[in-house]
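Encoded as structure tokens, the following chain is the form predicted alone, with no partner shown.
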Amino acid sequence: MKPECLLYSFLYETTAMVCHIVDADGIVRFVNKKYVEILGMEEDEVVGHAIVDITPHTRTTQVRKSGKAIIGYNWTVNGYHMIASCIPLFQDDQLIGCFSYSIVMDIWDAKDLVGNVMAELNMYRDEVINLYSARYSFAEIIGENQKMRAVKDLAHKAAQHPSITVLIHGESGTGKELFAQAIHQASNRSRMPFIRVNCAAIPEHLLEAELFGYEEGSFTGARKGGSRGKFELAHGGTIFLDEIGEMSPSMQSKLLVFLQEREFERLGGHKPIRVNVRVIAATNRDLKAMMDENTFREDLYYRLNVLSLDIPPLRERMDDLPLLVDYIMPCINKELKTEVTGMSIEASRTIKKYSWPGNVRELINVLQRSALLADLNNDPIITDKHLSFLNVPSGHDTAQRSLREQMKDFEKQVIARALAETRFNKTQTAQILDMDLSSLYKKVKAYGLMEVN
């Protein structure tokens, strides 16, 4: 007997597994006896018929569309528990159908084993979803300011194009990650992972392994069996590269290669790995200026900057302050167990005089602190006395204030903005302002410009 006949006979007669073959149109061309038995049908009721009419949830539809195999999924038919796989069939690089086979777990008397394994897999799946899911949507981005509405409209459009790379510019505390999560949530990638990587928080020598993973033995202390990187974990979803301006030149080169090829190799590995990931990057630095200084690659910039979002700082959308306060206060009351209903007219005027170098993040911290002070005094609303820690220009008319006072206010605003741009890096701030570092420390302390966490 010819080998192909032996193979056909084995597949048809075996009771250890069920299998069938469909053509490129999803029509069943072969089914073995065991599967017909499990289906409770006659063979001529299966062969020649569309597989979706027999098992509506068949994976063959997905495999025929993608040309990619699906291996090791749970499959149950008429009470039979199986571990199934579906693989595409090609001839001369043309997909001609697919072959599906399932191991019938019942013959091993292993229903309990399958149930336990699936329960554990579902537990880990839920943990992964909780760890790597976006929490915020566009509903949480508060603002009716004209600039803010324009940015939100553009972000909505970005969400509808799930493969476009997005570059988000904005000062610290403006809500760059909020926009990244909202884009992910509104896209067809929302059911897949959203993974955040802070490029500034990971040492340069560890960032490559963090992003691309590593093989066993690739460096001292490498985990046995190696480790998947963030790009692999984000497969099908979104990876958010925060503080992209802090990435070293060597890592910029590796990221550029990935963006061009959509594949990478693990550290210490030699096998290319392809992933389907949307990249969203964010920075509070001027990348164009960095390109002029040769500290950021021009080709990487243009690869990242397919669609650009420029989030306005809070000082440029002060008309949104009442909306933000109304949205934030109930959240603070719930978190801090306070009962502060709002803010007095005088307090509202006071916060509008402040420049908000820490933007919305600083606003939240200020409202938390003032709400606690009001609650301690049993005051129902936040008033000016609860904002006394906030250094704002006095309400006196400019003509009634001395030149020295006005110059101090101006100097404070300039230093505050420079600190925000450098994320409170005193050395960089001193360089930008062309002043002595010790003098900067004194002025920061004198003006009460403490970093907002």
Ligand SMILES: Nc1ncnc2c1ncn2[C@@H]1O[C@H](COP(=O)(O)OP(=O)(O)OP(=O)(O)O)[C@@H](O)[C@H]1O
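Values in this document were obtained by computation on a predicted structure and should not be read as measured data. Residues carry their position along the shown sequence, with the first being 1.
This next part talks about the form predicted in complex with the ligand, which is not shown.
In short, of 140-148, 202-210, 341-349, 265-273 it is 140-148 that has heavy atoms within 4.5 Å of the ligand in the predicted complex. In the predicted complex, the ligand lies farther than 4.5 Å from every heavy atom of H81. Under a 4.5 angstroms non-hydrogen atom cutoff, the ligand in the predicted complex has R361 among its neighbouring residues. Contact annotation for L178: at least one heavy atom lies within 4.5 Å of the ligand in the predicted complex. Remark: K230 does not count among the residues lining the ligand in the predicted complex, judged by a heavy atom distance of 4.5 Å or less. Between the options T238, S102, T174, S370, the residue in contact with the ligand in the predicted complex by a heavy atom within 4.5 angstroms is T174.
For the options R297, R317, R303, R189, the residue carrying a heavy atom within 4.5 angstroms of the ligand in the predicted complex is R317. In the predicted complex, the ligand lies beyond 4.5 angstroms of every heavy atom of every residue of 39-78.
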